[in-house]
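Before any questions on how it binds or moves, here is one chain, the form predicted alone, in structure tokens.
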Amino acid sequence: MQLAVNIAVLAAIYALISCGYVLIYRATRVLSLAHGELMMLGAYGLYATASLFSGHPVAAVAAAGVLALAVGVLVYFALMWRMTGESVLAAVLATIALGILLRGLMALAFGTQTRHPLAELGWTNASIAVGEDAFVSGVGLVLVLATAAVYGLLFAFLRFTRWGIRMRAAGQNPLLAAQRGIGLHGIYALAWGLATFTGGLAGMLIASDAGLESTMVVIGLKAFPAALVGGLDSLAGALLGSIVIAAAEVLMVHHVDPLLSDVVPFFILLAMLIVRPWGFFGSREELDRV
């Protein structure tokens, strides 16, 4: 039972991060390799707002969420809009440069020591019994519930709202969408904002559960195979890929060697690239873009 709980929590972490990869790629056809750094920036944002709004934890969390959304929009208008119409490789290299820059700035601003945002908020991370012999932390439970809520809201947004339909249209055929009056830059900025918000939310919850340190970016990198295994243009695929990656990692750590935890996601990715390069639910015709 404890193994199942561990898999569920880890799958929720990967799913919450990997949906950001999918949102950006689905809308803009750009593979963002700065997503791990943006996730960590969201966690540092919570640490900063927790100190700024001392004694008002709900306001601190809300401010951190708004800040993460604003950072995503700012990244698009400050950097990525210049990549519109350029080669995919140029845009990917721009995100790599952005990630390196953010990592250096965060190290300068916050140092490398471990931080604990939850303690700054004045909250505790209680252990909750699940069944007779399994336990989950309070933040771990919130992670699972938050991931379910985010995916439900994203599915509803993309399917039933005007902006969601515009985002799908821009991703499928940007030229036709622009000819029909859809403002591509607004759609792309929204995609970056939502992706950074979901990634920042994941970073905040991970930091609240296990502490905030510079190695958190590795978790964002490990979520990348989950998006590719599921299909880089499919939210349902990102969810399934996260479950597959998390289950394999937890079982490998438990039954073989904990040192393999950082290797398993990329081993599964390589296997999937050989067998089904477009992922479980990805579009086969999009393979050349990846």
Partner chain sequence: MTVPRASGYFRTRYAEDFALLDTRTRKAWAALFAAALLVYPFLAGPLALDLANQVLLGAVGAVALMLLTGYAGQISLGHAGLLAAGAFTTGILFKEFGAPFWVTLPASALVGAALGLIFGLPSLRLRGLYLAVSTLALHFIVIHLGAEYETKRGFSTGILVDPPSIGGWQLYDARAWYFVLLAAAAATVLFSLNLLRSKTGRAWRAIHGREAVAGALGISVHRAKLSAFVVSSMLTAVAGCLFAYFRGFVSVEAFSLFLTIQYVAMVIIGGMGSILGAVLGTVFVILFPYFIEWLMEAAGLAEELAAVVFAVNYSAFGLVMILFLVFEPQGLVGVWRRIQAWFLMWPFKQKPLAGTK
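Note that the structure is a prediction, hence the values are computed from the model and not measured. Residue numbers count along the first chain shown, from 1.
There is another form of this protein, the form predicted together with its partner chain, and it is not shown here; the text below is about that form.
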item	value
Non-hydrogen atom contact residue 112 with its partner chain in the predicted bound form at 4.5 angstroms	yes
Partner contact for residue 175 in the predicted bound form: its partner chain, 4.5 angstroms, heavy atom	no
Residue 100: touches its partner chain in the predicted bound form, heavy atom cutoff 4.5 angstroms	yes
Contact test in the predicted bound form: residue 280 vs its partner chain, heavy atoms, 4.5 Å	no
In the predicted bound form, segment of 186-194, 148-156, 162-170, 101-109 with a heavy atom within 4.5 Å of its partner chain	101-109
Option touching its partner chain, based on a heavy atom within 4.5 Å in the predicted bound form, out of 73, 142, 94, 182	94
Listed residue that, although its partner chain is not shown, lies within 4.5 Å of it in the predicted bound form (heavy atoms), from 252, 33, 69, 61	33
Partner contacts for 215-242, taking its partner chain in the predicted bound form and a 4.5 Å heavy atom cut-off	221, 224, 228, 232
